[in-house]
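A single chain, nothing else alongside it, follows as structure tokens in the form predicted alone.
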Amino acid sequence: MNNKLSLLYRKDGTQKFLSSLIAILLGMVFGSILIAIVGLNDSDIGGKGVFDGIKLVFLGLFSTGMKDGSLTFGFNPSLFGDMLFRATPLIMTGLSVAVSQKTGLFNIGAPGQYLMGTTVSLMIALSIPASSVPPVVIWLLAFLGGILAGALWGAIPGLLKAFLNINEVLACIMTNWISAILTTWLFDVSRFSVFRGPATSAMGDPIVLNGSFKNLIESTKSAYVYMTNYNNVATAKLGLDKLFPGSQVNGGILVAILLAVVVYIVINKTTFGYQLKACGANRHAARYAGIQDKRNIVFSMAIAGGLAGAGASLYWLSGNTEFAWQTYQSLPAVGFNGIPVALLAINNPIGVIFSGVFMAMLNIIGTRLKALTAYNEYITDVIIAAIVYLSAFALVIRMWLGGRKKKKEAAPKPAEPAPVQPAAEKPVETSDPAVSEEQKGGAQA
């Protein structure tokens, strides 16, 4: 039994998992200490508030409310469903960063790729009238359009890196802000919508889309784009709404998990995946071995961009979320949050599923802290930041774990006594002439 546990501990995958788990636990402990410091210095919170805040950090997903001034816990299906809904784009942007890392590239351009996927998927979903084309077909076209837009936007830094050796981080930062300005401009001036209505929204209200994507029906929503359910386009629930009633969850989470599995197979089980990893390990050695490094760099960034665009499509095509078209002042946080998701997963596509869900859980915990205590939800951002910094040290933690193993293996063993060899008899040497030749021969024998 001990040998089996020792072999399991020595595996690289086990040590990667343990290093990420240690980073998460240390981050949660740091968050608890921070909650205690803030609460004990705030008279509105006090000792009981501190205790409630710490409980929510670890058990917030199971919180059901307050009763007689005390927190109550149990299975909360709406929180679980919302967690899965918010995890969907995080999984996709995490995959985007992880794929580029396999080729030795740092895709900090996921926010821009996410925005381009958002723009194209929403325009397609709202432009094609559902009265002429089945909503399922519109949804599929919008989803594929979002992937293609993200892929093309991701290919730009890839081309600059492959052929001009321009650092992909600099190129991605530039394309991020270009996409933010371009998205704002397109939704502000666009008159490409062919949907002229009248139509009936999912709420049963008659609407007319007058050639613009801006929400002009609700006077308070003029800075927002119409939700896709205004054109009866929405991601299928696939029965998840019955498992998690009262939540926003839909079939998008299943698509994200399926894509993560596909990425894992491509990266680890195909020749193309081997070539990507070879370029990441040593681009020049890969080229010497006959691998087309430039092509693979472009493909890697295009795939990364397509995954980020797919995350945007899955989120905004849900039919129940509103997109603020004035994005030029900021970039979507979900694009940057893909970085810690990939870091926690050690760039493993399957691990990205779990780290994406974990990050979404922290987001839910933040809303529960705000709703049930005197804390605000931003304290979970500090916890996430701590986990991000610690996950960056995951390699150090892994080296520490590996160092313990090597030290144990290199421990000096007690020296065994050397076996005693029987002493060989030496031939009799004498100069006495009285000794006969026969006696000499007998002594030698």
Partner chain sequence: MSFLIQQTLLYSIPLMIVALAGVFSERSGVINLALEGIMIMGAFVGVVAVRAFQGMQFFIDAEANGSWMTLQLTGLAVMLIAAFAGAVFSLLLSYSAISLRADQTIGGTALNLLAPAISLFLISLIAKQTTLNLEGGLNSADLFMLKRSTLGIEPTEKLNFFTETFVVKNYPATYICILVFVIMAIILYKTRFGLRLRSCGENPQAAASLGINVFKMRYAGVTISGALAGMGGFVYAMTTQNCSANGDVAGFGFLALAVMIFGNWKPLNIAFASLLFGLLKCIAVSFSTLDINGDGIYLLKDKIHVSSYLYMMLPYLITLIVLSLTSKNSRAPKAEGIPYDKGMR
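Numbering follows the first chain given and starts at 1. What you see is a predicted model; the values in this text were computed from it and never measured.
Not pictured, yet referred to below: the form predicted together with the partner chain.
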TODO: Indicate whether the candidate residues Leu34, Val38 and Asn376 are all in contact with the partner chain in the predicted complex, with contact defined as any heavy atom within 4.5 Å.
DONE: yes
Open item on the list: Going by heavy atom distances of 4.5 angstroms or less, which of Tyr264, Tyr224, Tyr328, Phe80 would be at the interface with the partner chain in the predicted complex?
Closed with: Tyr328
- [ ] Select from the listed residues Leu259, Ile108, Ile128, Ile147 the one whose heavy atoms reach within 4.5 Å of the partner chain in the predicted complex.
- [x] Ile108
Task: Stretch in contact, per heavy atom within 4.5 angstroms of the partner chain in the predicted complex, of 83-91, 349-357, 333-341, 271-279 - done: 333-341
- [ ] Classify Leu240 as contacting or not contacting the partner chain in the predicted complex by the rule of any non-hydrogen atom within 4.5 angstroms, answering yes or no.
- [x] no
Open item on the list: Taking the partner chain as it sits in the predicted complex, is Leu160 near enough to touch it, meaning that at least one heavy atom pair lies within 4.5 angstroms?
Closed with: yes
Open item on the list: Residue-level question: is Trp185 within 4.5 Å of the partner chain in the predicted complex, judged on heavy atoms?
Closed with: yes
TODO: Answer yes if any heavy atom of Asn296 is within 4.5 Å of a heavy atom of the partner chain in the predicted complex; otherwise answer no.
DONE: no
- [ ] Would you mind checking 365-391 for residues with a heavy atom within 4.5 Å of the partner chain in the predicted complex?
- [x] Ala374, Tyr375, Asn376, Tyr378, Ile379, Asp381, Val382, Ala385, Ala386, Val388, Tyr389
